[in-house]
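The data below hold one chain only, encoded as structure tokens and taken in the form predicted alone.
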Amino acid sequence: MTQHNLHTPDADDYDPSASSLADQVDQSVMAELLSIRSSIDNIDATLVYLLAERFKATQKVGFLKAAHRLPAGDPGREAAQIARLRRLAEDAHLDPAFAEKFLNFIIGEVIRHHEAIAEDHEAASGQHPQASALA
């Protein structure tokens, strides 16, 4: 039996010049493409760190909600945030529908995290899980 060395690439393995186009385009075009992609890579890294900071803040909200037996979701807040983000997207010339889908995905993850925090809090305090759902 042959053992395969399966390697999952990580951030240290990232090759910013990786492209299947290198042999298909002029070297000057490839250089410009790589330069633009470098900017995109920097923006992507910034987005990851910003999302991490956002989730640290929403985790604090989740602990506060759990401690006071508040529901994981807040539809009024969520609707206001979606409307606000759509306006910001329009101002930034970004498709508002895309911005809304992105925020809805984040909201869904935040609610899932808040529910898990509430379950952990209830288990630690010995409360029945449905007690907070009725509050």
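All values reported here derive from a predicted model rather than from experimental measurement. In case it trips you up, residue 1 is the first one in the sequence shown, and so on.
There is another form of the same protein, the form predicted in complex with a small molecule; it is not shown, and what comes next is about it.
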query	finding
Partner proximity in the predicted complex: residue 37 to the small molecule, non-hydrogen atom cutoff 4.5 Å	no
Distance check, residue 78 to the small molecule in the predicted complex, heavy atom within 4.5 Å	yes
4.5 angstroms heavy atom contact with the small molecule in the predicted complex for residue 65	yes
Contact flag, residue 100 vs the small molecule in the predicted complex, heavy atom cut 4.5 Å	no
Answer option from 30, 61, 89, 82, heavy atom within 4.5 Å of the small molecule in the predicted complex	61
Residue stretch of 70-78, 22-30, 89-97, 38-46 approaching the small molecule in the predicted complex, non-hydrogen atom distance within 4.5 Å	70-78
Residues 117, 121 and 123 all lining the small molecule in the predicted complex, heavy atom within 4.5 Å	no
